[in-house]
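In the block that follows, a single chain appears as structure tokens, in the form predicted alone.
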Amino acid sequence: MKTYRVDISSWTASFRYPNLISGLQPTLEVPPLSTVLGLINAAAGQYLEHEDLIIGYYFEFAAKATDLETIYMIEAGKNGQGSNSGKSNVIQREFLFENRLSLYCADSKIIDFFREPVFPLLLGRSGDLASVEQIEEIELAEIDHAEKIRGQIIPLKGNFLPGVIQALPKYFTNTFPRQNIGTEPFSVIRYNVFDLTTKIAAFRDHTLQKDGVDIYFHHFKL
């Protein structure tokens, strides 16, 4: 299959667990689909209403560490909206270091957004700035029973792969407040796991890691 690959890198990244509030903010080791679609929106400079988007991705990092971070907790005002009152606090936040995200999509319109992104590309927080390293058209080999699934998320239903099981949204609305869209459980599979036996159809990128990675393509539409 011919497709495009966009390679994006950053020094730091952090992907928070949704609905988790604690003194330690752990990070997912693979970005959720909603983060990737948000990245496309940032590059496009607008909220995109996808009619039928087919996209895959792979994520790897060099290290994980914990940092101290000041947060500001805004008190709720009328109708649940924020007020001008609040207080600061210090939390521990995990972050990932030396990151690489590879996006796969055959839609040239999506890819063109990354040639001249409108807004800064972020892999998590506002300080997690990312940049496009390269964009290229590549050929991926179809694999009926993927074995090299890593560095990505896979829907749990029907696949039941090992990994961190986490309910994740696929997208968000462009309303205020934002609403989750398509939340379902996913297997979050980090980049450095052993080969798996699966019945998943995927496409192998032989250029990743030592002997390639099988990329799962998500089908998404609003």
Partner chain sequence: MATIDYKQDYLTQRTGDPFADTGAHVIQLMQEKSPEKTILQLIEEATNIYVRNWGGGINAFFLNSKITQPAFLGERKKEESMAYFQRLLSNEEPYEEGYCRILGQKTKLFSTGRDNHILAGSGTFINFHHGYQEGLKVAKEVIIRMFFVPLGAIQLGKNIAVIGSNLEKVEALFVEDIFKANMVEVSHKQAKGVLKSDFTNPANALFEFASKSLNTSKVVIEEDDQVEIHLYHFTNFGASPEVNLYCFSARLFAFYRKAMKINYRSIWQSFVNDFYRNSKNSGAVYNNATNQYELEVKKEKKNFEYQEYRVWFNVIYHKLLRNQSILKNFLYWSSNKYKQQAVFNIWPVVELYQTQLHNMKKTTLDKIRQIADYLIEDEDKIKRRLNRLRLEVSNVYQLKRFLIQTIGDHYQEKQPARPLITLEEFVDDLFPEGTYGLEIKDLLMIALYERLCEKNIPVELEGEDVLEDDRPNFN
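All values derive from a computational prediction rather than experimental measurement. Numbering follows the first chain given and starts at 1.
Just so you know, the form predicted together with its partner chain exists too; it's not on screen, but the next bit is about it.
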query: Of Ile40, Leu33, Leu161, Ile55, the one that lies within 4.5 Å of its partner chain in the predicted bound form (heavy atoms); finding: Leu161
query: Partner contact for Pro26 in the predicted bound form: its partner chain, 4.5 angstroms, heavy atom; finding: yes
query: Any non-hydrogen atom of Ser108 within 4.5 angstroms of its partner chain in the predicted bound form; finding: no
query: Proximity of Ile153 to its partner chain in the predicted bound form, heavy atoms at 4.5 Å; finding: no
query: Its partner chain contact at Arg16 in the predicted bound form, heavy atom, 4.5 Å; finding: yes
query: Residues in 168 to 182 with any heavy atom within 4.5 Å of its partner chain in the predicted bound form; finding: Phe172, Phe176, Pro177, Arg178, Gln179, Asn180
